[in-house]
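Just one chain follows, in the form predicted alone, and it is written as structure tokens.
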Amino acid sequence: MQANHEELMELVDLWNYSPEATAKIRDILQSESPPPPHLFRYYGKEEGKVQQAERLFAETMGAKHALAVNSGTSALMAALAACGIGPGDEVLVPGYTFFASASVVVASKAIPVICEVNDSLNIDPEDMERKITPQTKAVIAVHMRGLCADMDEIMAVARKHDLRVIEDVAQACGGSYKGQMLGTFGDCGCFSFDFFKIAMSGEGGFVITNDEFLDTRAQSWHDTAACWRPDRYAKERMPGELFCGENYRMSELQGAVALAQIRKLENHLDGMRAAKKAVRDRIDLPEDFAMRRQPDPEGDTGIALILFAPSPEKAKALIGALKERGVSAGGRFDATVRDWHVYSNWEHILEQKTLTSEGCPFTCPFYKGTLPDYRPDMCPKTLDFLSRSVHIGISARDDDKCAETAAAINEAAAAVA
């Protein structure tokens, strides 16, 4: 069935225009009868929206290659496949990240090794190195809540032990570390464009890399039909190029929205960064309270302000005091549901739950190591940092509003100190 203006009107409806504006748009669309759009990313006569988004995203991030996929999780799966991670391998992941960063390791038939985070709330390079074994093949370095991890230290450990580095930039799109864009330090950088991210297309994501062979493998994994190849029916051009993949393609609808979001990214981040700096520069905390450490303040995306109270009890009290003063704040112990960003809630991994009764990958005969001692308290430093953390959302505001927010934070902190 051919697409016509009715499909486009359904998309217009998502933007909540007034009935009067919607009627005018409908009248305009009904006045013409163009050929239907080509919504599949391949086979179109001209460069499609997905391809345009890939090119612009690669340019924006400073990478040679960008592959659009249908989610950030798919991006991580494609990156792990590109890097050859599979049965018998261990992958280091931080104990504070969305569950997908760890679940993709199990889905790749490898073993996730959960590491502590430090006062940046990103993976602790020292604990990361302590947990390396002969089976360790990669680390997923996550840039949580808009802020870069300690990439100099992480990359030094990875090079020392010959590990693949996959950056999970789902929560820090557009961030940087010492002038270099996040996602370009490791072998692959993975991004999410779902509704809750800095740039969004409803669902969607990207894999970036500077390695042509990794890009080739990621493309093959993301499209089992191998449409990306110059000659899709040709024989394998190099070992490791052809294998049975999955289907993670991005549609032209997602690509169109992603393209517009990439164009807006820099201006959006400028506003967020300016607002956070205006608030942070005015904060004067009592003794024993501290701000989250910024490995590179200039590279922070500015989406969240996080501070640490001296105890979980005072963190909870501070959250209440902030809310009383009209400041949106949250923490580990004020949630009404389990937070899938905290490893202690990952019962799927802690209890080694698997899709089938064989128990793969935890019982895989290719795995020659000793399984991690999965326990809810296995990363005490991570739990301590999170239990004392207070998360304050930041949005682009005028200077007066930023001053009011900072004053409310200072007042609330003084009240509970």
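For clarity, every value in this text was computed on a predicted model and none was experimentally measured. Counting begins at 1, following the sequence as shown.
The form predicted in complex with a small molecule exists for this protein as well; it is not shown, and the discussion that follows is about that form.
Annotated contact segment (heavy atom within 4.5 Å of the small molecule in the predicted bound form): 188 to 196, selected among 319 to 327, 295 to 303, 188 to 196, 255 to 263. Proximity to the small molecule in the predicted bound form, defined as a heavy atom within 4.5 Å, holds among 142, 214, 110, 250 only for 142. In summary, among the residues 136, 73, 201, 220, the only one with a non-hydrogen atom within 4.5 Å of the small molecule in the predicted bound form is 73.
The small molecule is not shown here, and in the predicted bound form it never comes within 4.5 Å of any heavy atom of residue 85. Although the partner is absent from this view, residue 279 stays clear of the small molecule in the predicted bound form, with no non-hydrogen atom inside 4.5 angstroms. Contact check for residue 155: every heavy atom lies farther than 4.5 Å from the small molecule in the predicted bound form. Using a 4.5 angstroms threshold between heavy atoms, residue 242 stays clear of the small molecule in the predicted bound form.
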